[in-house]
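Shown below, as structure tokens, is a lone chain in the form predicted alone; questions about how it binds or moves come after it.
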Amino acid sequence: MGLFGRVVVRVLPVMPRFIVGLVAKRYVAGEDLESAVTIMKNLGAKEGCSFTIDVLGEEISNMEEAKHFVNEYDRLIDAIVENDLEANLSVKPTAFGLLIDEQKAYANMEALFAKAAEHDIFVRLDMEDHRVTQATIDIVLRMHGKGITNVGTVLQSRLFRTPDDVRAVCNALGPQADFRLCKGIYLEPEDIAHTKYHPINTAFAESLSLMLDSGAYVGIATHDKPLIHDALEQLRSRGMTPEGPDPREGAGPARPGKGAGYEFQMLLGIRGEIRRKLRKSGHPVRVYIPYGERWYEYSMRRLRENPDVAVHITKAFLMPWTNRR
């Protein structure tokens, strides 16, 4: 699996851009907002799932570039409202200039988050590499301190620090703590992160348990069958079902468009059969919808950072009958 993924990564950069586009179109909604809206309408009608929308791009080189993301996310909020979509926002802080001008980045994000709150739209701060882990968590805490509580973050199970981050956020926010838990796509150094499959999975299960026991809301973001099975067992052991309210003592209040304390989250175009099976069983499922003009850079960066992603993508491309979008 790892070798195959690395071969794909080496081949794709020398292939014509349109070939990369054929691969990418399974998991990127398109270049513009209208394409993303069309996909969400179709998937919502067919499967009853909800969505997280991401405008592609990150780590800008100057603050002038941040205006693109400010304006596009503003349009995105309007589109969610106008089309009555069950959708959240996914935001990368470095796209707003976090590593260039922290105060301007804060100001841009605060205005965006406040507008989203006016329409009961939740905002998920995506987690990037370890350089901005603490800064991203601090943004969430700062926004909550200002009364902007429709904001949560992503934590990555591969990082050694994640259990401590779970405790710190839960201690600070109590029942308003809201996480997306994923393995983490960034290949971090061995001195700060797990780098092997089984330790990463074990850490994922342990972090999920910690989050659930804290009463936090959890977006369980994985395509890994053993982890999904473990998550279902953990939910059952706590009496958390799709049918009833969240039974955990100290659990947070229900949010518009969210499940009873949890939801499963999956990427567009990856293992759609698992997504549909979970949804058919009644579990709340949220699909990650990335779009934007920078689809090529996004695709190549993600494949370089984690070649195993190429396995799922290439299988979907070469054998589409095994995985409908």
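All of these numbers come straight from a predicted model, not from anything done at the bench. Numbering starts at 1 and follows the sequence shown.
Beyond what is shown, the protein has a form predicted together with dihydroflavine-adenine dinucleotide; the following relates to that form.
Counting only non-hydrogen atoms, choose the one of 178 to 186, 68 to 76, 95 to 103, 249 to 257 that falls within 4.5 Å of dihydroflavine-adenine dinucleotide in the predicted complex.
Selected stretch: 178 to 186.
Establish, in the predicted complex, whether Glu206, Leu208 and Leu235 all lie within 4.5 Å of dihydroflavine-adenine dinucleotide, using non-hydrogen atoms for the distance.
The answer is no; none of Glu206, Leu208 and Leu235 reaches dihydroflavine-adenine dinucleotide.
Counting non-hydrogen atoms within 4.5 angstroms of dihydroflavine-adenine dinucleotide in the predicted complex, say which of Leu112, Leu85, Met240, Val154 makes the cut.
In short, Val154.
From the list Ser214, Asn108, Thr222, Thr136, which entry has a heavy atom within 4.5 Å of dihydroflavine-adenine dinucleotide in the predicted complex?
If I apply the 4.5 Å criterion carefully, the residue I get is Thr222.
Quick one: does Tyr27 come within 4.5 Å of dihydroflavine-adenine dinucleotide in the predicted complex, counting heavy atoms only?
Contact with dihydroflavine-adenine dinucleotide, yes.
Even though the partner isn't displayed, in the predicted complex is Phe160 close enough to dihydroflavine-adenine dinucleotide, meaning a heavy atom within 4.5 Å?
Answer no; every heavy atom of Phe160 is more than 4.5 Å from dihydroflavine-adenine dinucleotide in the predicted complex.
Under a 4.5 Å heavy atom criterion, is Asp126 part of the interface with dihydroflavine-adenine dinucleotide in the predicted complex?
Asp126 belongs to the contact set for dihydroflavine-adenine dinucleotide.
Quick one: does Tyr262 come within 4.5 Å of dihydroflavine-adenine dinucleotide in the predicted complex, counting heavy atoms only?
So Tyr262 does not count as contacting dihydroflavine-adenine dinucleotide.
Quick one: which residues from 237 to 271 get a non-hydrogen atom within 4.5 Å of dihydroflavine-adenine dinucleotide in the predicted complex?
Stretch hits, in order: Gln265, Met266, Leu267, Ile270, Arg271.
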